[in-house]
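Okay, so here's just one chain, in structure tokens, the form predicted on its own.
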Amino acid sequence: MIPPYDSDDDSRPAVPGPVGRIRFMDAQRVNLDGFAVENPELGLVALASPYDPKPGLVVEDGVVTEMDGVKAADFDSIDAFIAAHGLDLTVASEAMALSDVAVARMMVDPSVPRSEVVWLCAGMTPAKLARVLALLRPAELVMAMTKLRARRTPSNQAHVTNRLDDPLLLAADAATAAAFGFRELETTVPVLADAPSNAVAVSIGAAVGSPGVLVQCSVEEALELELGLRGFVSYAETVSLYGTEQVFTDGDDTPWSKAFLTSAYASRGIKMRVSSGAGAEVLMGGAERRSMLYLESRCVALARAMGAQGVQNGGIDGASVAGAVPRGVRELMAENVMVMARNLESCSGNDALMSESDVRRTSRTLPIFLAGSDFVCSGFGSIQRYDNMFGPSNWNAEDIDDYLAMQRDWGVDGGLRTADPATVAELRERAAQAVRAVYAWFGLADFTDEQVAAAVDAAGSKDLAGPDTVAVMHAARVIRETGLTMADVVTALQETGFEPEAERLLDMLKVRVGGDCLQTSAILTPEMRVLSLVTDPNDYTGPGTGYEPTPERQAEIDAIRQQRSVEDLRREQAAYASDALRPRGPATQGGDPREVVVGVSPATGRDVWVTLSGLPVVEVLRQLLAGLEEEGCVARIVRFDDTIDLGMIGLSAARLSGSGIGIGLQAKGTALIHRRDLAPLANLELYSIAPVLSADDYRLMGVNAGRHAKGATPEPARNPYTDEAIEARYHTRVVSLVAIERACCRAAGPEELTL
């Protein structure tokens, strides 16, 4: 029997805590994530549940009488809709007869055309397609996605929101997102009534940043449709589908009501896809013991049956639920491939933050990034995390440079490009001024010069001074109540001197009339050319085929703003040039037993003037000489032009030195103490991590060199410790510095210098 707990009882043995190594591991950010034990009873199972139905299809006289083990009389509304509208019965018999493995192999086999796979999948039931996708391992999912996506050219979508619904900041951020290459921008609101203002501001900002950028305002469905009818948005994607009838009806919806809404958007030329994704049914307690992949297979089949252009899936708001179970991230990617196999546009998730671990969230995106998708992210947070009113994305403004570097690292097109900082500043200014002018034209709001300047410079809404939320609500109410349309906004832009933006927004309205964006996977290029399944079909059939960036696009991917050339480094160094180091004549053998020669590399004081730590080389030399002076030694500086090897420079200095002790110094800051009787690669002390060395470190090396010259054995100077990525940060500069050193190298004798 367990005795009752007594808080004053000290006789109980103390429970030992974890050792330091485990405590250290516990403190890492990955342990902020939730991880669940697989539990089919709750739907906490990714790829396959023992309760998933067995695939099957019975067709009699052209009518589905049984699907996935359920008789027609027992169909729920989802089954009924899919059976009536979602299966191609002309191929169903052949498709269902194939083994799961055979279909899975067709998906990854480059010799099997995409069109054949899509044709067969059109006849597969939800259970059948789910079982096929569950067989694909991660590398095979990458291969299948590369082949099966609809559009040849990858793209990306951004979130543009802020905590205050500030229209000036929304416009500036929309222009910035467009400048970075996003072809769709999605906004939403913390206050529903602000939606019309947000839609107008983001549309104007997008038009400033680039022609042809599609815009959505994700809000309550009736209001979102109204914004579309008025021309304020050009696509929609937040029409939600669920994999169980219970969750569907909890939201007062049916497949028929969603299909009607889908048709309403399409009837006005508005691009339209639906949203679903693993974890939603689990969160609502309605998973019915089915696997996440099977439930999503029902959603995707339903989307096809409804006539939607595509699906935003891959977890979305439930991504962290999928990520909590074994193989959950793999399931998220399988959802995207499933959409592609149904011949729909895939907006591939990677929006809701699924982990606090940078490693996990990168691993979630990387396979899709490498394979390429119609939209790699269905909501890359182009604004800071705290300003994302959808909740933090898997990728945010904090990560844009990382993403651009990843594109460059792998040589792949993830849909983005580097934006010139000066151009970004100009676009933000123009976007804010355009919104200011339009809002003043309609009497919606009067923004001050100070408010515009703050929005242009702001990294986020926390940088804005004195936001007026009431003014935003007033502007939104007037927009809605007076019946303003995008045609009116076009007029206002034209009349206030923003003719290019007026023309761009008018062109977006013309595209809607033409219906070109209703093509599957449609986006618009800055030249207003439609890229879609029709005009830009994916033609991957193995190596040497499919999408490859053009030389111009590859150059755009490669040209991140942080890259530096040797000539860039020469210019930086030239800014610090001085005449402090002057030639004195040929260096001769020393005879003073107190003498220590400081040998320097060929570029020191010629083309290189600053070390990797930022210290001027002249200051480094002064510190070395000061340390030698402390020990009563005599110093001499000698440049060795015939080698850039630090060991040989130090040894050559020691051999010229009267004491037999020398210091070697490369212009980049690496230094050592040498002795005349040692091998070139041996030394007494070495500073090998130049970027972290301080003036005090060099002074200590001078002191120790003096003590060695006097025959003492000092405590060796050690490299300062750092856990920073020194190699990643400085090795490219080292390559350039070595190239400069090599260019200065020549067959000449040692030269004495004065300081």
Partner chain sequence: MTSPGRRAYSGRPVESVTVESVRRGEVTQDDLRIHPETLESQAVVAERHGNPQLAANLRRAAELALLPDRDVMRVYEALRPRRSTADELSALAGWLDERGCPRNAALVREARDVYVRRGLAR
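Keep in mind that what you see is a predicted model, and the values were worked out from it rather than measured. Positions refer to the first chain, counted from 1.
Note that the form predicted in complex with its partner chain isn't included here; everything after this is about it.
S.K.: Using a 4.5 Å heavy atom cut-off, indicate which stretch of 600-608, 382-390, 516-524, 312-320 touches its partner chain in the predicted complex.
M.R.: It is 516-524 that comes within 4.5 Å of the partner.
S.K.: In the predicted complex, is there a heavy atom of its partner chain that lies within 4.5 Å of any heavy atom of Glu548, even though the partner is absent here?
M.R.: Glu548 lies outside the contact set for its partner chain.
S.K.: Given that its partner chain is not shown alongside this chain, does Leu87 nevertheless sit within 4.5 Å of it in the predicted complex, heavy atom to heavy atom?
M.R.: Looking in the predicted complex, residue contacts with its partner chain include Leu87, since a heavy atom lies within 4.5 Å.
S.K.: Residue-level question: is Arg512 within 4.5 Å of its partner chain in the predicted complex, judged on heavy atoms?
M.R.: Flag for Arg512 set to yes.
S.K.: Please run the contact check for Val534 against its partner chain in the predicted complex: heavy atoms, 4.5 angstroms, yes or no?
M.R.: Yes - in the predicted complex, heavy atoms of Val534 and its partner chain come within 4.5 Å of each other.
S.K.: When you measure heavy atoms, are Asp558, Asp697 and Val703 every one within 4.5 angstroms of its partner chain in the predicted complex?
M.R.: Per the other structure, none of Asp558, Asp697 and Val703 touch its partner chain.
S.K.: Quick one: of Asp449, Glu116, Glu481, Asp74, which gets a non-hydrogen atom within 4.5 angstroms of its partner chain in the predicted complex?
M.R.: Filtering the options by heavy-atom distance leaves Asp74.
S.K.: So its partner chain isn't shown here. In the predicted complex, which residue out of Thr423, Thr485, Gln563, Thr362 has a non-hydrogen atom within 4.5 Å of it?
M.R.: In short, Thr485.
S.K.: So which residues in 215-240, when you check its partner chain in the predicted complex, have a heavy atom no farther than 4.5 Å from it?
M.R.: Counting only heavy atoms within 4.5 Å of its partner chain in the predicted complex, the contacting residues of 215-240 are Glu220, Glu221, Ala222, Leu225, Glu226, Leu229.
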